[in-house]
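Below you will find one chain, with nothing else, as structure tokens; this is the form predicted on its own, and questions on how it binds or moves follow later.
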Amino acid sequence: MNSVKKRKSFKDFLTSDGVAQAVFLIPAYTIFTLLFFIPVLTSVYYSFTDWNGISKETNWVWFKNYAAMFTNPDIFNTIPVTIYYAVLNSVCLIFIAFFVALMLNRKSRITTPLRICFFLPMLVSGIIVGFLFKEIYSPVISDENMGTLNRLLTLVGLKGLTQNWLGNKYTVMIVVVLTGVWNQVGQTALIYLANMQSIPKELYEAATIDGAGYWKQTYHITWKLISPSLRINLILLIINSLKAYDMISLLTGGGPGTATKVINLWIVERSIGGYEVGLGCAMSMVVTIFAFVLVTVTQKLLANRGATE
């Protein structure tokens, strides 16, 4: 009798909701632990050492790497560049993607082809984007050898505007940001679009009856009711901008000079090229903490925005 009871209770345990949830969560937690938690703990450990990335020996240097960051002028040169890129990239994407989402939210025959055109770049990696646009922005070497953009300007009679787009410190950041916008606008617009399609149609119908035009409806209804998607997009854009590396590395390598040398380029150069993995890990930790603080502040500000509207 007792054995039957035990078997029954064990069977109930196996078929319980808690076990089912654990079975589904274990793979996710395993991947999170292997790909995020363990690497972060490893980076924290190495940030307190002088490991060069090659030798098996490491010496504990405590906060020496963190102190070195605040006395290295090269780091301070990358901070304004990183902030400039992050702000310009995020602002451009927030507004451009909003208008793209408005266009894709309208019902017409070309909506589906347009969605494909805007969403396809999402599938292209930053490395491929870097290779592709480096060719597009190539300077004029001869009449037969020039980048796609300069060739297009020449064909339409604007040869005077051709230049070395990636070699000019006044244009390089603009074209780098535009390249990032091309690559990320689909993802940002998709999040907006999902939010827009959840807005009740009755609100627009009531506004139309009251005499509000399309742009008034867009501002007073659409823009003011997309706080959830705006919050998500801003957080993703802040994180992506602060961790930018692959596309910029292939496009400019941080040049000309240090015009596009964002913080991650410096970290990789010092960690791999300079054999200072400990210093690179320390800088990574500081960037991670800064991103966390920035995201927290953004969430708070947007939560207040949503509460007041």
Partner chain sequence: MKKMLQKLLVAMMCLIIVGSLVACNGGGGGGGGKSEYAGTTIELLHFWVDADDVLQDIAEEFYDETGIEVDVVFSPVASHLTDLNNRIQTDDVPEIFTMWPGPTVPPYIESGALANLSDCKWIENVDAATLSQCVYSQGGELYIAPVNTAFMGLAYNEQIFARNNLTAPKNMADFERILDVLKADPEVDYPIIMGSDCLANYVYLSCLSNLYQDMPDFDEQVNAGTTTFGNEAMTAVYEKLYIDWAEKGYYNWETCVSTDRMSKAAIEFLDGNAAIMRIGGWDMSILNELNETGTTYKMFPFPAEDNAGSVLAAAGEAFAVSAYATGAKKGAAMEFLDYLMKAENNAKICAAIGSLSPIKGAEIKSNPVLESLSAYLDQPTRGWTVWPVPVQNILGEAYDIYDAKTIEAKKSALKTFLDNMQNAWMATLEE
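Positions refer to the first chain, counted from 1. This is a predicted model, so every value here is computed, not measured.
There is another form of the same protein, the form predicted together with its partner chain; it is not shown, and what comes next is about it.
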Heavy atom of residue 269 within 4.5 Å of its partner chain in the model of the complex
yes
With a 4.5 Å heavy atom cut-off, would you call residue 252 a contact of its partner chain in the model of the complex?
yes
In the model of the complex, is there a heavy atom of its partner chain that lies within 4.5 Å of any heavy atom of residue 55, even though the partner is absent here?
yes
Contact between residue 43 and its partner chain in the model of the complex at 4.5 Å, heavy atoms?
no
With the partner removed from view, which of 29 to 37, 236 to 244, 66 to 74, 280 to 288 is the stretch that lies within 4.5 Å of its partner chain in the model of the complex, judged by heavy atom distances?
66 to 74
Heavy atom within 4.5 Å of its partner chain in the model of the complex - the one residue of 195, 105, 187, 163 that qualifies
163
Students should find that, of 112, 208, 145, 125, the residue having a non-hydrogen atom no more than 4.5 angstroms from its partner chain in the model of the complex is 145
Within 4.5 Å of its partner chain in the model of the complex, which residues of 243 to 257 have a heavy atom? Give them in sequence order, or say none.
252, 256, 257
